[in-house]
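There is one chain below, alone, in structure tokens, taken in the form predicted alone.
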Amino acid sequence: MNPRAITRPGDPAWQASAASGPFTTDRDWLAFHPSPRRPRFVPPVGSVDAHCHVFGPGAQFPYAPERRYTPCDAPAGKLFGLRDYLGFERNVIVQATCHGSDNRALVDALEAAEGRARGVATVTASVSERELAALGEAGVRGVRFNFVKRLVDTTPRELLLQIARRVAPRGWHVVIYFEAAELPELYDFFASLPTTVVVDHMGRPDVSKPVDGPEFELFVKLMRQHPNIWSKVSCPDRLSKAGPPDYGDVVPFARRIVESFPDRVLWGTDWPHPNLKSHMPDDGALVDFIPKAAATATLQRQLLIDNPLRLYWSR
């Protein structure tokens, strides 16, 4: 099947399969939900799923030799089918760590989206200006730095700062992925980045701790003192101890960030939900988390339309 052909939940081709080409999906890999329900919450027209991924297909876009996991294929056509099914207009596709700094699958998806997607790439310090220009032409508007040690090898901060300084004149931003326990050590580095900085999943707080406790308060301080720092209020499925379908223990954290910084928040499905071990979320239930985090129509519009359009489609 053409990996760009749109297939929606319920279509025979939607069901996940093993990775293609010379790759075998990890034995404990959880494939994306086979039949997500229609969400009860209807996203406002023009809404953006601002955090999602594509995997492969491995036969066309091989997975990186240094990867820490081998996923099932999750190509662009399935992502766009889910976009339509859930009621979204656009996507922001974030380079997956299983592809390393080979952004070909990302670029292919951006080209297939015909303007309805933007991208966040992964690059190394050796990337050329010509390569950066080509990524920008395809729709890339940011680069991602991953600090989760179980997913990637640590990159010296000096090299990451060099990359940030090179992409800043292009108007690109930096996306950072870390876990809450790592923030004290990384705080000063994040504050020094010379771009807009977007934090994945609220810095992955421990939601069993108080929402006004010292751990989450440090993240709020980072955003309060540095107006260039944004946050995604995504992935309640990764953060919750209470579990599906409501992920109620994540709501106070997400609502605090949305209400405190309404012009600097984004939301995304995180489809196809890499490296989840406890359960595979129903994407319809994730969409129904939105009005719990953003309780008014005004906040929902900022979260889903105004903010992502300003960050990704204004240049």
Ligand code: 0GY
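Residues carry their position along the shown sequence, with the first being 1. Given the structure is predicted, the values throughout are model-derived calculations rather than measurements.
One more form of this protein exists, namely the form predicted in complex with this ligand; it is left out here, but the text below deals with it.
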- [ ] Would you check whether this ligand, in the predicted complex, lies within 4.5 angstroms of a non-hydrogen atom from each of 53, 95 and 177?
- [x] yes
Open item on the list: Can you pick out, from 157, 238, 170, 226, the residue that has a heavy atom within 4.5 Å of this ligand in the predicted complex?
Closed with: 238
Open item on the list: Just to confirm, with a 4.5 Å cut-off on non-hydrogen atoms, which of 252, 274, 262, 62 contacts this ligand in the predicted complex?
Closed with: 274
TODO: Mind telling me which stretch in 162-170, 130-138, 197-205, 103-111 gets its heavy atoms within 4.5 Å of this ligand in the predicted complex?
DONE: 197-205
TODO: Check whether residue 41 has any heavy atom within 4.5 Å of a heavy atom of this ligand in the predicted complex, and answer yes or no.
DONE: no
Task: residue 270, heavy atom within 4.5 angstroms of this ligand in the predicted complex - done: yes
Open item on the list: I'd like to know whether residue 144 contacts this ligand in the predicted complex, with contact meaning heavy atoms within 4.5 angstroms.
Closed with: yes
- [ ] Give a yes/no on whether residue 149 approaches this ligand to within 4.5 Å in the predicted complex, heavy atoms considered.
- [x] no
